[in-house]
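Quick heads-up: it's one chain on its own, the form predicted alone, in structure tokens.
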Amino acid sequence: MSTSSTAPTSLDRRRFVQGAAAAAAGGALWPRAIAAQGAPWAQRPPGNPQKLTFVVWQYGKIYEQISKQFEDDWGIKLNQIIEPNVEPQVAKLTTMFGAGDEVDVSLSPIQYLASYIQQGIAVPIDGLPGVDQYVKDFTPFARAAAQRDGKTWGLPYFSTAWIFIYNDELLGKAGFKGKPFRSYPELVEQARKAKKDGVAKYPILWIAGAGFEQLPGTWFNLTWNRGGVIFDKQLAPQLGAGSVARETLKWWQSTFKEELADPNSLNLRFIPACKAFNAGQHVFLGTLHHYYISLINDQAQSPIAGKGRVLGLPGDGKTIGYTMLYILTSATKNKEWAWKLQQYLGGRTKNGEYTQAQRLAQDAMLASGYQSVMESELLRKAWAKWADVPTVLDVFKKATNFADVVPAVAQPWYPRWSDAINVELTACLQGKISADLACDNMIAALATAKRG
């Protein structure tokens, strides 16, 4: 049986009584609260926990770096549980929560937040010192991801928006130097020309490996760019006959039938696809997070470094994006210190800097959930070594929150439906079933997903 995250727990009630008693005895909490309004991230919470635990998935060495800073600043040890990817991280968190293990902070993929709220794993952070200041600095993406039902459920990990990337040298060899496609007919025209001229056997490499974001995400994004959605606001699927989503899938399948798209696309998620593109055998790569251009133009590792270019989606440039969150969990034994840890991961460090967000922007080209970081000169200088920054920032201006295109992502049953549509989309793009049948099957799979 699920537990409401908003219902006070016995631990909450005990803390309230303890806090009220302390305030009555010496007014100790009130001066700290006043001081916290000035620089809450610099205030030391009460108590001295032996350790704090967070559960995340791996990304470079960011967690080793921020953990060392936290331990140096506060003298509290961190228990870092770092899983290799999203799926094992989700399994680890839910297993630990089910076993009653202490977890203070966790990453939350956007498709699991609703489930975490329903299960009582995630708790709102409203009212904690400094939350209002963070919320004022949220980007629209961060606000859309973090706030629902009048509550704030986390701090930003990073933000992203979807793009195309093209190989400028190969595009020139195909006869389109400086003129990448601006429409889908132009994409097909340029791919056909590149194939005919022997520039590339398969000019297009799609991000089409099974996963939550990869295969479905490309279809969602192409559909949104063409004027459609996957669900309407009432959560009714928009995949029926004549729908934009269904027609988009037919078009997408045609790129494989015509052998313009590399069939290996169906085996490739983001990073493997970038590595394949770096071999210099494809003209176009799409659609994927903006920051992967840093891998394409990585002078140390990419054979085509300097040749990768960012391209917004065709037409009016409509694309999708989102913000990932760090959540505070109800399994924490010290909410004040857990909040301190959450800020180090997704907010400000003791010195008042958005240390993690700035580091992610500088080292990995990740976008921030904070407007002040997105508008900073630091970010512009860092991104300039990988891409044309105004082009990338323009993509963000035209991006829509993922959940507006797929409102069902906020439903607890969505992960089960996502698994089902991966099967249908793969079979369709492999040519085993038609786009019509794939869409019909995806509609039918909804009932099964909702039953659990």
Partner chain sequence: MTPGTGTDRAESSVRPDHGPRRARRRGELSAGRLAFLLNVPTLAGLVLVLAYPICFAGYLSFHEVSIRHLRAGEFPFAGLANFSRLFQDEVFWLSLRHTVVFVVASVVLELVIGLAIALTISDERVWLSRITRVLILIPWAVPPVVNGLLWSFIVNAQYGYLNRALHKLGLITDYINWLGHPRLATAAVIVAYVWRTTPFNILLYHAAIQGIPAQIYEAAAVDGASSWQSLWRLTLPLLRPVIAVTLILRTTFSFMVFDEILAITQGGPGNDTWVAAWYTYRMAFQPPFNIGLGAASAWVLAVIVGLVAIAYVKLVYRRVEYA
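Positions refer to the first chain, counted from 1. Please read all numbers here as calculations on a predicted model, not as lab measurements.
Heads up, the form predicted together with its partner chain isn't pictured, but that's what we're talking about next.
The closest non-hydrogen atom of Ser67 lies beyond 4.5 Å of its partner chain in the predicted bound form. Its partner chain is not drawn, but in the predicted bound form it has no heavy atom within 4.5 Å of Gly306. Its partner chain in the predicted bound form comes within 4.5 Å of no heavy atom belonging to Pro129. Using a 4.5 angstroms limit between non-hydrogen atoms, Gly98 touches its partner chain in the predicted bound form.
Only one of Ala146, Leu249, Ile125, Ala331 lies close to its partner chain in the predicted bound form, with a heavy atom inside 4.5 Å, and it is Ala331.
Just one of Val244, Leu170, Ala276, Val135 comes within 4.5 Å of its partner chain in the predicted bound form, counting any heavy atom, and that one is Ala276. Contact check for Thr94, Pro263 and Pro415: all three have a heavy atom within 4.5 Å of its partner chain in the predicted bound form. Stretch-level contact check against its partner chain in the predicted bound form with heavy atoms at 4.5 Å: of 290-298, 100-108, 371-379, 358-366, the positive one is 100-108.
With contact defined as any non-hydrogen atom lying within 4.5 angstroms of its partner chain in the predicted bound form, the contacting residues in 98-128 are Gly98, Gly100, Asp101, Tyr112, Ser115, Tyr116, Ile117, Gln118, Gln119, Gly120, Ile121, given in sequence order.
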